[in-house]
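The chain below stands alone, shown as structure tokens; this is the form predicted alone.
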Amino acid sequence: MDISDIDLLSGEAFVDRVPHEWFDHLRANAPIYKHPEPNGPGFWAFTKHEDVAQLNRMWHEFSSEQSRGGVVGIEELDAEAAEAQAEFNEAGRMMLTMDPPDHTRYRKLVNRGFTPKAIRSLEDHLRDIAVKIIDRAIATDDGQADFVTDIAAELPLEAIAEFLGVPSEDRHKIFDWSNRMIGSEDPEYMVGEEAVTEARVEMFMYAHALAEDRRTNPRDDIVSTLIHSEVDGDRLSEMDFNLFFLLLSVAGNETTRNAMSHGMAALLEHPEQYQMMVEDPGAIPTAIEEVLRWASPVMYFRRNATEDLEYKGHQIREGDKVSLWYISANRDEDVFDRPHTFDITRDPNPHIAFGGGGPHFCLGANLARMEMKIMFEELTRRVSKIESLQSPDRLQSNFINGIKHLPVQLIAK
């Protein structure tokens, strides 16, 4: 393979499968690589586990701030998109695109809704929902279902709706807004910049109405917590709250849905491992960690160099774009034995699907793990065997490792 064959900007290259041979080549030959860009200065691609984990912690040198370029998108924007992004940036700030100390203050505020106690308080309710989701899928069309839309998407949507105090009947609005904003490159969800903006506006209007209700009718939910709390003596602005709502909505359903879907796709290829979980539910927690490693739902995040520096012999300049490829780090042969083998008994499993530490370690990691554990526990309790009816239909994206559809046959016990 010639390194010039590698094009990490191509969403089309990720449609049939993740091009792991590209990442294998980069890790072996150019683990810190200045990737060219047709209409821009290029960007650094970090593909080794050690480096990705290290740079996640180097927030001072590698910024997430939106004013420096943010964390999503490594290709230069055209004039129209750049103008729309600039207007969006001026309206408010999102925790995902902040550095400490601002990020630290905002995260403390949101952490109140993600304490272990708060997560545990949802478990029984989410388990009841999971049972209904699975039983409904078994009963419909003789057990034929789309695992993504009928099963994997439903529990995270219900969880985030519960978390945000969104009525259950409105959960599919979040699904639609998320798909339009995150999956806009994919032909199934493809929309123009105007429609992406429209999805944001619709979500923000919904968030505004929800916030107004909680101001006068506070409840025991994270929306009420955010609306009535202060950061350094200041309440959140309307747009700051809207951006929190957007972040929690999108991050709370896209990633967990795709992790579950990739897990099921892998189990369909390895039915003996699904059977192992049926026979021994104690195998499920270890299986969840392997699913997370295998799926790596967010394939990369961007950072932006704040100063000139040398890193392992490479001269990085202030303003350089940097991409941290979790999808590659989680297949690093220096860290994982047989990295391209799906093995639910893998232990230890030091994957960095949740970001590998640092200030931006995934806020919802424990919630995601609990949702996945509940879903696979209830699935293996009710369904003795699952068969594939069609190959996974993957999302066209170099950012989200997504599966849009996965038709299956559920064989109930």
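In this text, residue numbers run from 1 along the sequence as written. Just so it is clear, the structure is predicted and the values come from calculations on it, not from any experiment.
Not on display, but discussed next: the form predicted together with ligand HEM.
Of the residues 210, 160, 148, 222, just one reaches ligand HEM in the model of the complex with a heavy atom at 4.5 Å or closer; this is 160.
Screening 344, 353, 45, 374 for any heavy atom within 4.5 Å of ligand HEM in the model of the complex leaves a single hit, 353. Exactly one of the stretches 313 to 321, 100 to 108, 169 to 177, 334 to 342 approaches ligand HEM in the model of the complex with heavy atoms within 4.5 Å, and it is 100 to 108.
Using a 4.5 angstroms threshold between heavy atoms, residue 255 counts as touching ligand HEM in the model of the complex.
Contact check for residue 326: a non-hydrogen atom falls within 4.5 Å of ligand HEM in the model of the complex. Although the partner is absent here, residue 31 lies well away from ligand HEM in the model of the complex, with no heavy atom inside 4.5 Å. Residue 297 belongs to the set of residues with a heavy atom inside 4.5 Å of ligand HEM in the model of the complex. Along 334 to 371, residues 353, 354, 355, 359, 360, 361, 362, 363, 364, 367, 368, 371 each place a heavy atom within 4.5 Å of ligand HEM in the model of the complex.
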